[in-house]
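As a starting point, one isolated chain is supplied in structure tokens, in the form predicted on its own.
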Amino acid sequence: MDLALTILVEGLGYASYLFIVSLGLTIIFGVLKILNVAHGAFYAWGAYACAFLIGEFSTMGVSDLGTMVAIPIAALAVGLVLGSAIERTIIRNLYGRDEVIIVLATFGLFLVLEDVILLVFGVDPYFAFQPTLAIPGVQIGGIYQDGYKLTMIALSLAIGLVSWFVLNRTHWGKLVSAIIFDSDLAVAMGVNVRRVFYVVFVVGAVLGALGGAYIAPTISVSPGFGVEVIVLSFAVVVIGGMGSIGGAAIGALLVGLLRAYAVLQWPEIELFVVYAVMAAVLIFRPEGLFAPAKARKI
């Protein structure tokens, strides 16, 4: 019972930040049809910006709880500034291009952004643990659980519900759905598709940066750590189905629980389990478990 509870909480904690990052990746692909390899750079920039701000706030005497304000500031700054600049200068020139060109271009962009991080923040790791000290842990089933991790689970749940509501119950969500269904028809109906593309890309960038900013207090923020998360995010999106919010949630949950189980029982095959599931999904359902149905054009 203790083992099952530990796997559940650890798996949910890992799945929560993976879901936030994967959600940004999948909505960008679902609407823009851009497989954005550079999404991992938003995650890394969000983590570095957050760790840097927490260190500065702490030096100025801000309380441990108060330093948590660095998380939304870092996510919004990276998403709005970096995401907006990249969409305006690079991504909008890739709309409608071949998938291979898009992947190569965004991969090159990812490498450039990774090097720029070193120029801006240096090569030394950042440790920004103050927010984790501000939130007390709780006993669940007789086992002590980290309070910061539980807030991460609550945040991912809230983001998932808000995303579902916006896409299914608002005028803006209907515009996005119309573009996903048929962008040419949406243009003919007077929808400003370029504006929707811009907003969706920036929102996706904010989500990627938010995932990095929220996880930053729990890890050592060091060069190259964005590579692992973008690979795992692709695994989540492939398992759940490209462009599906529900699929991203289920994919993140599967990856999180399987990884937690492997870490506790067979740590030597931790990553193998994740990619074995992804390979099995690709063999039996290449479009993913919850890929949106494609409209048949006549």
Partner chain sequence: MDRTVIGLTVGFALVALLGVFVLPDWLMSQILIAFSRALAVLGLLVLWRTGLISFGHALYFGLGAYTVAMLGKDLGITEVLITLPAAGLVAALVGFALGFIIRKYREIFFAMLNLAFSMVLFGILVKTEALGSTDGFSVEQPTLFGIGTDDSTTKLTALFLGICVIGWLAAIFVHRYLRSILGNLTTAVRDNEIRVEYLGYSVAEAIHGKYVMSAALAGLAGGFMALALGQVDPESMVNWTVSGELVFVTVLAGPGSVAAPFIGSLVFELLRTYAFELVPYAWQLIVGGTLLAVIFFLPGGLWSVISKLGGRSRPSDPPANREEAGR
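All of these numbers come straight from a predicted model, not from anything done at the bench. Numbering follows the first chain given and starts at 1.
The protein also exists as the form predicted in complex with the partner chain; that form is not presented, and the subsequent description refers to it.
Peer 1: Looking in the model of the complex, any heavy atom of residue 115 within 4.5 Å of the partner chain?
Peer 2: Although the partner chain is absent here, residue 115 would touch it in the model of the complex, with heavy atoms inside 4.5 Å.
Peer 1: Counting only non-hydrogen atoms and a 4.5 angstroms cut-off, does residue 100 reach the partner chain in the model of the complex?
Peer 2: Judged by the heavy-atom cut-off of 4.5 Å, residue 100 is in contact with the partner chain in the model of the complex.
Peer 1: Contact between residue 138 and the partner chain in the model of the complex at 4.5 Å, heavy atoms?
Peer 2: Judged by the heavy-atom cut-off of 4.5 Å, residue 138 is well away from the partner chain in the model of the complex.
Peer 1: Check residue 289 for me: does it contact the partner chain in the model of the complex (non-hydrogen atoms, 4.5 angstroms)?
Peer 2: Contact check for residue 289: no, nothing within 4.5 Å of the partner chain in the model of the complex.
Peer 1: Indicate whether the candidate residues 61, 76 and 85 are all in contact with the partner chain in the model of the complex, with contact defined as any heavy atom within 4.5 Å.
Peer 2: Looking in the model of the complex, the three residues 61, 76 and 85 all stay beyond 4.5 Å of the partner chain (heavy atoms).
Peer 1: Only one of these stretches, 210-218, 189-197, 103-111, 157-165, has heavy atoms within 4.5 Å of the partner chain in the model of the complex; which one is it?
Peer 2: The contacting stretch here is 103-111.
Peer 1: Of 90, 81, 143, 153, which residue is found within 4.5 angstroms of the partner chain in the model of the complex when only non-hydrogen atoms are counted?
Peer 2: It is 90 that has a heavy atom within 4.5 Å of the partner.
Peer 1: Which one of 53, 249, 242, 260 is close to the partner chain in the model of the complex, taking close to mean a heavy atom within 4.5 Å?
Peer 2: When the partner chain is considered in the model of the complex, the option within 4.5 Å is 242.
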